[in-house]
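First, one chain by itself: the form predicted on its own, in structure tokens.
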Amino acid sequence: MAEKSATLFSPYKMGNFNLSHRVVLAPMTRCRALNGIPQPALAEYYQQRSTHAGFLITEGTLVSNSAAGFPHVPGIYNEEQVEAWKKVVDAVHAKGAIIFCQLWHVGRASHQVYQPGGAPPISSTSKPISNRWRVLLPDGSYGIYPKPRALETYEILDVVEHYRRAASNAIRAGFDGIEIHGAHGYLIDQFLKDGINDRTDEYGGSIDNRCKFLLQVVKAVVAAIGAERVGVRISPAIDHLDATDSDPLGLGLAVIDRLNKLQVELGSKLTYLHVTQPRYTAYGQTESGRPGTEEEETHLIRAFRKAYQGTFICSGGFTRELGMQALAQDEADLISYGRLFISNPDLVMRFKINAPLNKYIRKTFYTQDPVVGYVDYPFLTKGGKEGLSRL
């Protein structure tokens, strides 16, 4: 008999973790960690979206005091932050869920207002993000991205160390693991993409050189906390924040080839690879955004899926139906959901019984209110919280 196709509700063994279903909370910036410190609201938010043996990934969490590009995003580089995160992790673990911390440095996608001493943000390059994009400022207005400062070669290992230390801090805070954010036009992606990286040192030019920073970060983090606690996120085909590459397929396969070889060297697999669907771009945010055809997108993701030797998570504009389809066609092991999870804390239950979904309110995505647009979206029933814990 043919093996039964996986669904969103099939169990899955992700490395050392036995998941009860395949619906993952995607990492999403929410701007509720006042002054970089996780607040009680974060504990409630993540606990609301926790299911027994379900998998959650936090919002991007800063690896250093120069890593921010949004107001009120959490960090994990000092003791106060570590202590605050412990309460969030405990709330999630109380529901029996598994949670990874996404480690983030925005690189040039920042502004002097977020930088120590008002310095320019750091990057692989001194080219700024184009005026098609705007940076969200602390007062709620939008500004122009400034000219960044290209890191000197000798400074890069210091940034690698920031990732290593942040990963160790995450484990001390009780997280089950971490995800390295190498996607969406942020610092690591600024090294990977040839549309940004114009370096002439050992970190620029060839694809091998452009992958070097990511690989150094992965190796440092793995050495600190173990491969079985490390996921990596990439987005070779996403042009968010001008992150373009002349050969997205080649870039993705190059990264995957290096991760596969590293896993063989270590004798241990990473927890997962998390890849964003090309359709994530197709929201008309930029004039240059070129939505690929469904056929192109499918080819790209299938090529990455086939190449990577380990758990493969896919994200980017998935509905219940598209998630079920991707799993049935073996295009992913797990599907991560963002906006639908914002407005539906009990998304897993709603998907399971195919119930209607709450609509999300985009204008409250990045406000600082600890309740509105954050923990006030309704559950399906009054007993939803209890029902959710049984899933």
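From a predicted model like this one, the values you see are computed outputs, not experimental measurements. One-based numbering along the sequence shown.
Note that the form predicted in complex with a small molecule isn't included here; everything after this is about it.
Within 4.5 Å of any heavy atom of the small molecule in the model of the complex lies no heavy atom of Gln48. At least one heavy atom of Ala26 is located within 4.5 Å of the small molecule in the model of the complex. Proximity of Gly54 to the small molecule in the model of the complex falls outside the 4.5 Å heavy atom cutoff. Though the partner is left out of this view, Lys352 does not reach within 4.5 Å of the small molecule in the model of the complex, counting heavy atoms only. Of the candidate stretches 162 to 170, 146 to 154, 314 to 322, 251 to 259, only 314 to 322 has residues whose heavy atoms lie within 4.5 Å of the small molecule in the model of the complex.
This chain is drawn without the small molecule; in the model of the complex, the residue among Ser124, Ser110, Thr276, Thr271 with a heavy atom within 4.5 Å of it is Thr276. This chain appears without its partner; in the model of the complex, the one residue of Ile342, Ala33, Val63, Leu334 with a heavy atom within 4.5 Å of the small molecule is Ile342.
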